[in-house]
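First comes one chain, alone, set out as structure tokens in the form predicted on its own.
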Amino acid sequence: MKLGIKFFCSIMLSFSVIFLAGGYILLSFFLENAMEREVQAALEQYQYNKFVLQSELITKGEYWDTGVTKGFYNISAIKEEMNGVIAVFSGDDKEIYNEFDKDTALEPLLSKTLPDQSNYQFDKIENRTYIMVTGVIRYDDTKWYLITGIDVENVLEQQKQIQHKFLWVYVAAVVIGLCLSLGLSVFFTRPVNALTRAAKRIADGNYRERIPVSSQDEIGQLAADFNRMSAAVEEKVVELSESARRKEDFVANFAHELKTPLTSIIGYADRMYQKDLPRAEQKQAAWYIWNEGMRLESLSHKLMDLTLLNHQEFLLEEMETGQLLEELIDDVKYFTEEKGVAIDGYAEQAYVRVEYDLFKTLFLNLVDNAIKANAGHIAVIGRLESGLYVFEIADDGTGIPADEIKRITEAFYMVDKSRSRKLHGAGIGLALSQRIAEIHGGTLEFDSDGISGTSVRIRLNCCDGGNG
């Protein structure tokens, strides 16, 4: 059963039960109060009739009942002063006067009458309801029974009319309630239905799906959370797609990088095997085989390093930044001098946590890339920036095109493929550097216009010097 139907049925059931229960209680209360008022009025009318009859007894004396029986007195004369329908019986249950229908059995009332108090009960006489009040009247040693009947059929008919009107009010209220509850059901379940449709579209692959947030209540909060979830799913899917693409590119590039040197090695080896080559051609073929072998060796070493970095924990130790930069520059100076490249640097004093050998590899890869980009000068600056420590390595080489910067840390990706292969490059150095930066809690940030050199920044967390 759908939520809207459940909501609709719950409202209507609750409304019907509450309305019926309330109507029943109100009608019962009204009838009870009306009957209590009628009973009280009937008792008062009985007392009045009793007073009239007692006055007649006092006036006529002990021969009143005999006189009435023999026709000396006409009790109907005093009946005009009484209220309701009356009947009078003597102490021996002899009927003296009776206005009730002849088929009305009054004797059972007499048997229930107590000597010192009046009784009442409801009786149906000629399809009308009466309150029958019975009591004893004593005079000297004689007694008489007085029965007073008060017609309350009008009260019951009024109650029936009220019940009939209540039924119409109930039907009207139910119809109005149906319309209101249906409208409320549609109104309150519309956002949920929108969520359901959006979820189906996401399940079908539309990860950009979002729904408008139109309120600040629980439904609005649910919609906002759904949008955040959708954004997270979309981001994850994009990330997984990108990861799958990178893996495919990795495999394709790896196969390509193996194919090129292996083809050269196989070709030159076969040529040397099949033919008697002059000494010069043999040396040339051997040089090609050696050169391509060096490329394969470099590729295997870097792939091994990349694999180890993804499956090994490293201990970072605290170092002072000035000392760290000085040691790094000293370690690469022989290399830069050999290539005719000047390198210098300056670092603001602070303390950072690094794994020195890894950080040295990162630094060497970045310097090597700058040299391959025909840089003549490399500047290294270390400074505090927004609570972090930033090492920036800037060169004046050929630079990197802006549209290729976001891919240069992918394995096997090379901006200038011909130059990289010539220098035994395989496009893995920056992938290694990026992984080392992540191990140190940072990332590499590249900035270049493709013309006037490249700057690379790595941000590290500072620590309190000397506190371990």
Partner chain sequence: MKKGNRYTLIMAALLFLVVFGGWFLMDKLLSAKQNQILSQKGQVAIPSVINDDKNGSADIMVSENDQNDFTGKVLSEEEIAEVLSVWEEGGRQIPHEPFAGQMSMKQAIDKGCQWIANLAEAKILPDEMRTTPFDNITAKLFTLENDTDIEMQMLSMWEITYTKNDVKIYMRIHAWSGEIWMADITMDKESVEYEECMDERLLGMAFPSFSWRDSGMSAHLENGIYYEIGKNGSVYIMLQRYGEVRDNPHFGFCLWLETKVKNKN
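Positions refer to the first chain, counted from 1. As the structure is a prediction and not an experimental result, all values here were calculated from the model.
FYI, the form predicted in complex with its partner chain isn't displayed, but the following is about it.
S.K.: Its partner chain isn't shown here, but in the predicted bound form which of N374, N206, Q163, T263 has a heavy atom within 4.5 Å of it?
M.R.: Exactly one residue meets the criterion: Q163.
S.K.: Could you work out which of Y170, W290, F335, Y346 is the residue within 4.5 angstroms of its partner chain in the predicted bound form, going by heavy atoms?
M.R.: Going through each option in turn, the one that passes is Y170.
S.K.: What stretch, of 107 to 115, 375 to 383, 237 to 245, 276 to 284, brings heavy atoms to within 4.5 Å of its partner chain in the predicted bound form?
M.R.: That would be 107 to 115.
S.K.: At 4.5 Å by heavy atoms, is each residue in S214, S230 and D447 next to its partner chain in the predicted bound form?
M.R.: No.
S.K.: Quick one: does L316 come within 4.5 Å of its partner chain in the predicted bound form, counting heavy atoms only?
M.R.: Flag for L316 set to no.
S.K.: Give a yes/no on whether T443 approaches its partner chain to within 4.5 Å in the predicted bound form, heavy atoms considered.
M.R.: No, T443 sits far enough from its partner chain in the predicted bound form that none of its heavy atoms falls within 4.5 Å.
S.K.: Consider S452 of the chain shown here, and say whether it contacts its partner chain in the predicted bound form, taking contact as heavy atoms within 4.5 Å.
M.R.: Heavy-atom contact with its partner chain at 4.5 Å: absent for S452.
S.K.: Please tell me whether any heavy atom belonging to N154 falls inside 4.5 Å of a heavy atom of its partner chain, as the geometry stands in the predicted bound form.
M.R.: N154: no contact with its partner chain in the predicted bound form.
S.K.: Looking at its partner chain in the predicted bound form, which residues in 11 to 26 have at least one heavy atom within 4.5 Å of it?
M.R.: Residues within 4.5 Å: M12, L13, S16, V17, L20, G23, Y24.
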